[in-house]
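First, one chain by itself: the form predicted on its own, in structure tokens.
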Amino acid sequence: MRIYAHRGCSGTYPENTLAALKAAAELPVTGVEFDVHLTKDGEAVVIHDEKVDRTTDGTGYVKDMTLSEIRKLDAGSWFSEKFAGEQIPTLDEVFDIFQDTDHRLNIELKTDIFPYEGLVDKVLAKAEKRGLSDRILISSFNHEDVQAVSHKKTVEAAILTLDVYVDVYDYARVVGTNRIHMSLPAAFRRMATDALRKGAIVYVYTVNELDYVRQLQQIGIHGIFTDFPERMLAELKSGSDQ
């Protein structure tokens, strides 16, 4: 079972921060997943929500703030005072962490609410400049952007799904990919087994319990996104040693 650290090691560190991502970079997992938005002045920054309210001491939409304003926010204290002063990272800073590792980088484009015109090209250009294109996987709930990435054929792309679909694999092929990232409940529906039978590559989010992992392995799921990659690694290893 392949493991991606969901928003870095987000169960034990403040999500999508350099602390969480550096911790993930130290683990022998397949990859790391993180989310990208675009600031008012066109900088790609790593944060999950459209607004900064939940994970910082600030308020407002990322799209309405400059990078300078974003950098003044504390993105760690909400999780623990131990992480006070953590900032919202830029995409370039995250690339710095993983430049010399073997991890795959699943970049989720958070364009399903605000379109962030130009974000696709900006992310792909940064990856190409760094020589990271062969390690990049783009995903999004905005399947128009997934289709745009798929048509460029420079990096791999995956559709993100929350709902239960009929013939999700056929739909994904229309978009231009055979990679599907689905929610944990959906993975136990027929859509998952049908997609796997047709040749889809299926990953499931967000899986934090070993019992679910065992059941997903039986189905044939290729990998998971987890908030606790360090614990999941240890539990899977312990189980394989028995």
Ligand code: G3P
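Numbering starts at 1 and follows the sequence shown. Remember, it's a predicted structure, so these values are computed and weren't measured experimentally.
One more form of this protein should be noted, the form predicted in complex with the ligand, which is absent from this view; the next part is about it.
- The candidate site formed by 48, 141 and 160 is fully in contact with the ligand in the predicted complex, as each residue has a non-hydrogen atom within 4.5 angstroms of it.
- Residues of just one listed stretch (127-135, 106-114, 142-150, 69-77) have heavy atoms within 4.5 Å of the ligand in the predicted complex: 106-114.
- Taking the partner from the other structure, the ligand in the predicted complex has no heavy atom within 4.5 Å of any heavy atom of residue 13.
- Put simply, residue 43 is far from the ligand in the predicted complex: not one heavy atom of it is within 4.5 Å.
- In the predicted complex, 33, 35, 48 are the residues of 20-50 with at least one heavy atom within 4.5 Å of the ligand, listed from first to last.
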